Each structure stands twice: as structure tokens, then as C-alpha cells.
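Only one chain is shown below, in C-alpha cells, and it's the form predicted on its own.
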């Protein structure tokens, strides 16, 4: 699989080119500021589910411990004293959500990635200041070059495999 790096003069031209480039293969953008993207992430759903599952498991763990595993009569309090279980269940839910968010962020963004051959491209030197760059990993080099010419890319650089 070969990698092409292309730069565009403005954000508008890059955003206009992205829908045409996505069918070619893996497309990643490198820009001075974040692009507005209409695709949604699964990460908020993962965090919500992890938080709810963590809270339910924390509550269940306390119910099991106080009613089945180690029942103790303390001051005549009933074994199922649910108001005492709520703070710990909440804390375990928050901890689960935070851990799922952290790990999910790393997975969704394919991190940590300590080296990427795209970093060696000369076009990438300006990507954090004034260049709107895109990298395309594809098997269809001729089609990608043609499409980038049609989309008015300023510069195109092909990286060695």
C-alpha cells in the first residue's frame, strides 16, 4: 500500500475534496485547526454504557456483600439499606466511564503511534501552521493522482513504501 500526501491552499478546498478522496482508501487530514466533521463518534455511547454498567455492578456488589456474602446487623439497620449504596455505586460508575473514555479515545484515534512515515513528507512541515494536508494510503496510485489533479491540490508527494 502506497502513501500520497497532498496539500491544499485553503480549508474550504480540503473539505470539498474529502468526499471524493475517501473511497480511495485510508484518508487522514493534517491541519492547523480542527475540521468540522459530520461523522459522529461512538465514544460518547461507550462512555455512557460503561458508566451505567459500572454503577449497576457497584450497586449489585454492595447488595451481594451486605445481604448474601457477609450479612451483619449494625444498629438494627436492614440488610438492604439502599441509600448507603448509592454514593459508592455513583463513584464506581464515574470511574468506569472515565476509564472507558480514556481507553476508547486511545483506540478510536489509534494511539499511541510513535512513528508514522507520513511525518517524513516535506509537505507536512507546514501542516501545523499554514498548510491543509491530507494523506491517502491506497493501492490505486494512478486514480489517486488523477483525482488530486482534478481537485486542484497544490502539491502532491508520493512516499516510499
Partner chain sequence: MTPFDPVALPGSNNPDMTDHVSGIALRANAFGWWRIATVLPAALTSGLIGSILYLFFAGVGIWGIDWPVAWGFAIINYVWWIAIASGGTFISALFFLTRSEWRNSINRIAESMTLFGAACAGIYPILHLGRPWFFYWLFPYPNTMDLWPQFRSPLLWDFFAILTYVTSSVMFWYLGLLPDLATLRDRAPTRGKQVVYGVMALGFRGTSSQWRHYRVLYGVLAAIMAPLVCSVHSIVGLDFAGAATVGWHSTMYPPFFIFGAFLSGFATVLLLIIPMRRLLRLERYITGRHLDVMGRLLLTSSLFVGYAYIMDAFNTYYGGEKAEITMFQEKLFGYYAGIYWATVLFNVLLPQLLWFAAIRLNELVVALVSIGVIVGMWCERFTIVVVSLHRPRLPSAYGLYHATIWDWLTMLGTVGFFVFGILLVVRLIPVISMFEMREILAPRRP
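Numbering follows the first chain given and starts at 1. Predicted model, so just to flag it, every value in this text is computed and none were measured.
Absent from the display: the form predicted together with its partner chain. The rest refers to it.
Proximity to its partner chain in the model of the complex, single hit among 49, 65, 57, 26 (heavy atom within 4.5 Å): Partner contact (heavy atom, 4.5 Å) among the options: 65.
query: Is residue 78 one of the residues lying within 4.5 Å of its partner chain in the model of the complex, judged by heavy atom distances?
result: Close contact exists here: in the model of the complex, residue 78 approaches its partner chain to within 4.5 Å, heavy atoms only.
- prompt: Does its partner chain come within 4.5 Å of any heavy atom of residue 53 in the model of the complex?
  reply: Heavy-atom contact with its partner chain at 4.5 Å: absent for residue 53.
message: I'd like to check something about residue 9: if you look in the model of the complex, is any of its heavy atoms closer than or equal to 4.5 Å to a heavy atom of its partner chain?
response: Output for residue 9 is yes: heavy atoms within 4.5 Å of its partner chain.
- request: Go through 92 to 114 residue by residue and record those having a heavy atom within 4.5 Å of its partner chain in the model of the complex; state none if no residue qualifies.
  value: 92, 94, 95, 97, 98, 99, 101, 102, 105, 106, 108, 109, 111, 112, 113, 114, in sequence order.
Outcome for the Cα pair residue 128, residue 102 in the model of the complex, compared with this form (closer or farther; change of 3 Å or more): Here the pair is farther apart than in the model of the complex; there, closer.
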